[in-house]
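Presented as structure tokens, the chain that follows is alone, the form predicted alone.
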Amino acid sequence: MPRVMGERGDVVPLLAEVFRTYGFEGASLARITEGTRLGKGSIYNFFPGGKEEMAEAVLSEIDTWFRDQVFQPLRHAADAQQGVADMFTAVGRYFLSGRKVCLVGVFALGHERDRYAVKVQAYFAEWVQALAAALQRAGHDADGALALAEDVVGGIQGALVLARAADEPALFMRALARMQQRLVPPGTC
């Protein structure tokens, strides 16, 4: 039986899980209605633009969460090292300690890549820039901070894939801990 939801925002996390599981192309209307437990009419009432509007809403929610929980704290934490530590905590929490794949990464690799390229590129670029800025404030030189930020954001994505492939979520958390240790500024312990 279809469920009743009063707010569009209540549907977005459910849609995210459908897209996370099946990708954009694989998220058929049947899978969307099954995953949200909403009827087709309700789905199109919330998202008259169809699957594209649903994907935009999901990506927008992810962007907002990461901006609030990761990017802004990296940029504005009074203690840059604490901001970096908080990033690792937030990322571990968001990806359920390695049990949840990165939906933006799914969109970056699937057939929908070109359709959402600007949003995907902006998400990763903002993450790298925010982390690099925090690393610079923590004592790394500009070039080193940027290189480390690229390595870490790429490493997080790779660790998610590896943890899922190995069916070992703890692998993701171990990788996060090693990456965090790599970011200790020169001359500190």
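Since this is a predicted model, take the numbers as computed values, not measurements. Residue numbers here begin at 1 and follow the sequence given.
Note that the form predicted in complex with a further copy of the same chain isn't included here; everything after this is about it.
This chain appears without its partner; in the predicted bound form, the one residue of G139, G158, G35, G39 with a heavy atom within 4.5 Å of a further copy of the same chain is G158. For the marked spot (D10, R67 and F88), a heavy atom within 4.5 Å of a further copy of the same chain in the predicted bound form is absent from each of the three residues. Under a 4.5 angstroms non-hydrogen atom cutoff, a further copy of the same chain in the predicted bound form has L171 among its neighbouring residues. In the predicted bound form, a further copy of the same chain sits within 4.5 Å of a heavy atom belonging to V106.
Though the partner is left out of this view, R113 does reach within 4.5 Å of a further copy of the same chain in the predicted bound form, counting heavy atoms only. In the predicted bound form, S60 stays away from a further copy of the same chain, with no heavy atom inside 4.5 Å. Contacts between 22-40 and a further copy of the same chain, taken as any heavy atom within 4.5 Å in the predicted bound form, involve Y22, E25, G26, R31.
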